[in-house]
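Here you get one chain, nothing else, as structure tokens; it is the form predicted alone.
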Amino acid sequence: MKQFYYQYNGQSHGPYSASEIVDKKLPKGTYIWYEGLDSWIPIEKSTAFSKYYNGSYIDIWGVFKYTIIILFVLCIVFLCISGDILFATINTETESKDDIQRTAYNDPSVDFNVYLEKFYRDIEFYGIRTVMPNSVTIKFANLDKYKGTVNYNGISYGYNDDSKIEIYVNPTFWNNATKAQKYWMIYHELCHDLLNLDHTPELPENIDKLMYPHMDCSRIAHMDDFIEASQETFILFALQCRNQ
């Protein structure tokens, strides 16, 4: 029986049977692979699943589910606007932060200072000046174990706090990532901690941006991809600083 794999948030999952893949109702654009393919392909282009994505197949449950979600969101928005409820943001990252900090560890074979020092050289090239914080923490942590960070490649806690760099890296991601993907993730988190940059909006035109919230590993294969994205980010940031 043919076995299938799919990618989610930069990690591969499987093997699964064809029926299991169908039951997962993976979104269009999800990359899959099975024996016989030379590379990962979008699920809608696979002969095994194309019928579910070409318009002839209607996912009744999916339509119903998303309709309920939309109605729920509209109800929340209405109640917030009317003033009938207080809207509180629940930060699930905070719930696991203590555990992540407590169990984080160093790997003697990995020197994160190499990435940090290159980051500083790169931003200085574009005229961006920032002081190295006294507190610098870049360690591994099993982010998949904790609520709020499952499937995270990395997470930072130094945003809007210029006194520290605090980044934790998912070892599962790191051990399977290419050189370009490792640089992309570290630079993404350093931009949060050192430059206080937010994520770019989750729009199709931003998918190749350094600060896009989800890493599509299938699109970040070479160092050229990383270099182009980081240069664009630093140029825009430098121009913004000059205009302030």
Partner chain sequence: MNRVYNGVLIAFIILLGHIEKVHSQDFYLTKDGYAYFENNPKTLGVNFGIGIPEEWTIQDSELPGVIAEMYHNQDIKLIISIEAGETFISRKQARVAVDSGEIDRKITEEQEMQGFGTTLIDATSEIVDSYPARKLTFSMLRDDFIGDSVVKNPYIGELWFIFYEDVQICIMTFCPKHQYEKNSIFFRNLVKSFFFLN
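Residue numbers count along the first chain shown, from 1. Fair warning: this is a prediction, and the values are worked out from it, not measured in the lab.
One more form of this protein should be noted, the form predicted in complex with the partner chain, which is absent from this view; the next part is about it.
K.L.:
Would you please decide whether residue 183 lies within 4.5 angstroms of the partner chain in the predicted bound form, comparing each non-hydrogen atom pair?
P.N.:
Residue-level check for residue 183: yes, a contact with the partner chain.
K.L.:
Just checking whether residue 226 would be counted as a contact of the partner chain in the predicted bound form - the rule being heavy atoms within 4.5 angstroms.
P.N.:
Residue 226: contacts the partner chain in the predicted bound form.
K.L.:
My question is simply whether residue 147 lines the interface with the partner chain in the predicted bound form - judged by any non-hydrogen atom within 4.5 Å.
P.N.:
The answer is no: residue 147 has no heavy atom within 4.5 Å of the partner chain.
K.L.:
Just checking whether residue 199 would be counted as a contact of the partner chain in the predicted bound form - the rule being heavy atoms within 4.5 angstroms.
P.N.:
Residue-level check for residue 199: no, no contact with the partner chain.
K.L.:
Please identify the residue among 105, 72, 159, 125 with any heavy atom within 4.5 Å of the partner chain in the predicted bound form.
P.N.:
Residue within 4.5 Å of the partner: 125.
K.L.:
Tell me which stretch of 167 to 175, 148 to 156, 96 to 104, 125 to 133 has a heavy atom within 4.5 angstroms of the partner chain in the predicted bound form.
P.N.:
Of the options, only 125 to 133 has residues within 4.5 Å of the partner.
K.L.:
6, 28 and 45 - do all three of these have some heavy atom no more than 4.5 Å from the partner chain in the predicted bound form?
P.N.:
Not a single listed residue reaches the partner chain in the predicted bound form, so no.
K.L.:
Determine the residues of 167 to 201 with a heavy atom within 4.5 Å of the partner chain in the predicted bound form and present them in sequence order; the list may be empty.
P.N.:
Heavy-atom contacts to the partner chain in the predicted bound form: 179, 183, 187.
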